[in-house]
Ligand SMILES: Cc1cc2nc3c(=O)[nH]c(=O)nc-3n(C[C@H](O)[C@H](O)[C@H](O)COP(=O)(O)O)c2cc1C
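Next up: a single chain in structure tokens, the form predicted alone.
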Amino acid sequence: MAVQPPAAALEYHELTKHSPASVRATTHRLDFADQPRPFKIYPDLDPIPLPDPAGDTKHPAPAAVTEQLADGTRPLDAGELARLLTLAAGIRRVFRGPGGGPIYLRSYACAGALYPNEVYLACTDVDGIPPGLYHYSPIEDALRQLRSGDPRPYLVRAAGGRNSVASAPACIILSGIMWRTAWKYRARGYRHLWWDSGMILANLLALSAGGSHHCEAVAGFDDEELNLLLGVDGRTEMGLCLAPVGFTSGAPAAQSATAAPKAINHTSLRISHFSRHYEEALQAHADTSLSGSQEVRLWQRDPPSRPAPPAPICPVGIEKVIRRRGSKRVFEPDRSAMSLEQFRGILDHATHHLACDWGEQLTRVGAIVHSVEGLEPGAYRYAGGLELIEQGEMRDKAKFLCLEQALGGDGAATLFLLADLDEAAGSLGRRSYRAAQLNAGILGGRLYLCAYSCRLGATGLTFYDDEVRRFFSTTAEPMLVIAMGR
């Protein structure tokens, strides 16, 4: 296949970079009176309450993060899917926001707590849930049926016959409503759709491993066919990724549908009175779209063979860690130290093998270490081991790189997740931009889970793009920043 670079996506990336000048020049103000509704609501469809979630697996979080399946098997039934949905993307607690309305904090990190993702469930053979396509409502902990009958042949068609999709009894589908995040972050909000999806996927992949279910992140599909299946328009809301759950190599595989699904048009409430499309973001999305089963199959890759797992650390159960997780707003520099064993273990586990259809980890890690016991402060590269770039105390520099936010310099270490977009485009073509952003989001979510399993805190931060790249003397672009500490 001739590799086509994602020209419009790369142009979008340049246009949406932060710099000290661009941040100071902004005149954007938030209209809290018209903040987008954080939940998609189908007023004409009755909710189907989920049963009580299945009990905790207590599978150690670091082992779950590296997708080491727990011993034994659990039936993938309605209670188990309730565990996956509520802990991967459900609501943890509620508090009052700056505009006066409630903010529903969910089980995954999200830029600005704006939650632009929607979650759908396609069921084929799940005890307690009839075959069909459903929308998951976290505020009600319920499903709404959008289509009856087996949706898997249509998913197989959209996913180019991917075996994991063809043999999985259930598939969780993530979409994005860009206006929810663009309301605050404008065109740059398109990046957040992928970061936030990655955070959900990090939870879902780990929770599936805890239940002994295979799961895979699938970013390759026919965009038009998936959007048609979901009943979304591809502009206001667009399909982003698939996560087939419970597939095995010996399971019977569904055949691809011979025709596209019929259109559905269930009414959903408007999310705000005013909304704006950012054409540069929509063009980037269109530029990275795939069409037809053959193009999808040519894009997809098989994951590399799974290496030996890292040495175990911090054996707290994955469910307990997700319930404990938050986004810390304060680190105290004199108390933020972590041990070298913890730091290495967190990095080793978070960057371990990833089950995905782009075939390789696209994310590299640059670190500014502030207070890791047994490790000199300074800048490092991590690639299976730590390489010192420059020694010295750099809290002020890390703070500056992180949009001059104190959290960037107050923790034990600040991790910059980097991707060489030109290199990725050379091997993966125009879909590479989505994969690079999604990969960084999954790695960020894994870093959260590993940090909280070790009773540390973590928070995601934005950054001055080119300042980060120059600091690490790299052609790789920063995708996301995670600061960690006590």
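Values in this document were obtained by computation on a predicted structure and should not be read as measured data. So that there is no doubt, residue numbering starts at 1 and follows the sequence shown.
What comes next is about the form predicted in complex with this ligand, which does not appear here.
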Would you mind picking out the stretch of 312-320, 107-115, 252-260, 293-301 that comes within 4.5 angstroms of this ligand in the predicted complex, counting non-hydrogen atoms?
107-115
To verify the annotation, which of these, 343, 154, 195, 136, has a non-hydrogen atom within 4.5 Å of this ligand in the predicted complex?
195
Just to be sure I understand the contacts: of 200, 243, 119, 407, which is the one whose heavy atoms reach within 4.5 angstroms of this ligand in the predicted complex?
407
Heavy atoms within 4.5 Å of this ligand in the predicted complex: does residue 16 have any?
no
Would you classify residue 273 as touching this ligand in the predicted complex, given a 4.5 Å non-hydrogen atom cut-off?
no
At the 4.5 Å heavy atom threshold, is residue 41 in contact with this ligand in the predicted complex?
no
Please check if residue 349 has a heavy atom lying within 4.5 Å of any heavy atom of this ligand in the predicted complex.
no
Heavy atom within 4.5 Å of this ligand in the predicted complex: which residues of 15-47 meet that condition, in order?
none
